[in-house]
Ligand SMILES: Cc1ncc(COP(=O)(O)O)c(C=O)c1O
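One chain comes next, on its own, written as structure tokens: the form predicted alone.
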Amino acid sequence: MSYQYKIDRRAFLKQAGVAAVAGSMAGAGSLKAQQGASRGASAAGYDFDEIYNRIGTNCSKWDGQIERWGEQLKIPMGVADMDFRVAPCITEALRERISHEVYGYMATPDSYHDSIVNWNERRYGTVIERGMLLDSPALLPGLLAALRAFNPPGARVVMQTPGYNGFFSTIRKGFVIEENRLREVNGVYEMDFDDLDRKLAQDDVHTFILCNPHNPVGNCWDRATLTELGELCNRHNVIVLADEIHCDFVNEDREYVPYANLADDLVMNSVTFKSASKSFNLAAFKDAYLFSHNPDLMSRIRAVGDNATINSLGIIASQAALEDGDDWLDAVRVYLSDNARYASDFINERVPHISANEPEGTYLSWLNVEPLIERLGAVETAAAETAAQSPDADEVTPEAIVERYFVENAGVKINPGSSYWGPGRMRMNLGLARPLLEEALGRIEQAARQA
């Protein structure tokens, strides 16, 4: 197959069936976000407004979704990765390594782990000693190893919903999901500690999965909330497994508080999971890590099996990112923060039957589509389609009807909230160039008005 990784913006928009002047539908109006649009577009010399073609590269976000939905899909906003060129330091490091044309077994250099240690201390004041670290090919395999280390088969694992759907499939590999539902108050999510207290008190609960920043609702949990959570878990002898893979994406005026920076008694009852893959868009390379200040917890994880095989080129890419990628990340964070503000303002001001939060962290927008579900009769349609299919098929949800409606009527793909146990909600990925975001939102507005 011949790969073409970059074509000009106008050619790509024409190929995708998008108007040549992207944003022609979305650019008008008096949105507050317009005043500071694309501040990060040329920050530090990076052009995040560039339309960078990923079609034809076996890309899950583009090729995979076009294969599923067909040519009617123009702008996919589902899979949580970014469409920007990676930091130049990553490309340079990979080119240097690839120029040596032997790719045999590679030992993990100390400098790779040093880059992890230095990154966490430099960016967040988190002190990690080398012996605390364990490599993992991705976050979820590391999480599964921890679940197997701390839970007997069939144990309940507490997680908060709406929540990352990868947790569901991981927990089900031998364990049972115990749901602690987040409470929504005036469009803002908060932890339900009374319910959590009851769930943690059960005899067969040994672990709790924390997501911070939270995928998909976008909360960055503050120190007081994390402390109250940790004290509850300590009281019930439940270990905290903290997924902090989105930690480098925190929007303006918000703060990411590492669980490992809390009081010592809470930190000693926790394991943290991280990776450069989300921050620098390196998911294809399969490199992640976990750590704990409690050596007993780490030894128990190591005892369940070999979890340390990671991708050699991923080591090169991640180390380059963590050592020299600060300025690129700082610029992309500004850009994504502007995207989040622009999207929430646009939807709340101009799109009927939908409202949006402005996430505190991540680059994911969590949309309330309950009025649109009612407008489309999606509950009835979903029930009828479920009844008409075979009993062993997955249930059709109202949110899946909304997903299909936007693909067919707007050419835009966003994820159904039912995938995250979020009824009446949808998840939208904002990690794309502003011209495409403007075009997508304009298409969504037109489709919503036609509903």
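Note that residue numbering follows the sequence shown and begins at 1. Everything numeric in this text was worked out from a predicted model, so none of it was measured.
What follows is about the form predicted together with the named molecule, which we do not show.
- Considering the named molecule in the predicted complex, the lone stretch of 346 to 354, 315 to 323, 377 to 385, 271 to 279 in range is 271 to 279 [heavy atom distance within 4.5 Å].
- Put simply, of 155, 89, 132, 140 only one has a heavy atom within 4.5 Å of the named molecule in the predicted complex, and it is 140.
- This chain appears without its partner; in the predicted complex, the one residue of 221, 119, 167, 335 with a heavy atom within 4.5 Å of the named molecule is 167.
- The named molecule is not drawn, but in the predicted complex it has a heavy atom within 4.5 Å of residue 246.
- Among heavy atoms of residue 229, none comes within 4.5 Å of the named molecule in the predicted complex.
- Interface membership of residue 211, defined by any non-hydrogen atom within 4.5 Å of the named molecule in the predicted complex, is confirmed.
- Remark: residue 215 counts among the residues lining the named molecule in the predicted complex, judged by a heavy atom distance of 4.5 Å or less.
- Residues are counted as partner-facing when one of their heavy atoms sits within 4.5 Å of the named molecule in the predicted complex; in 78 to 109 only 80 qualifies.
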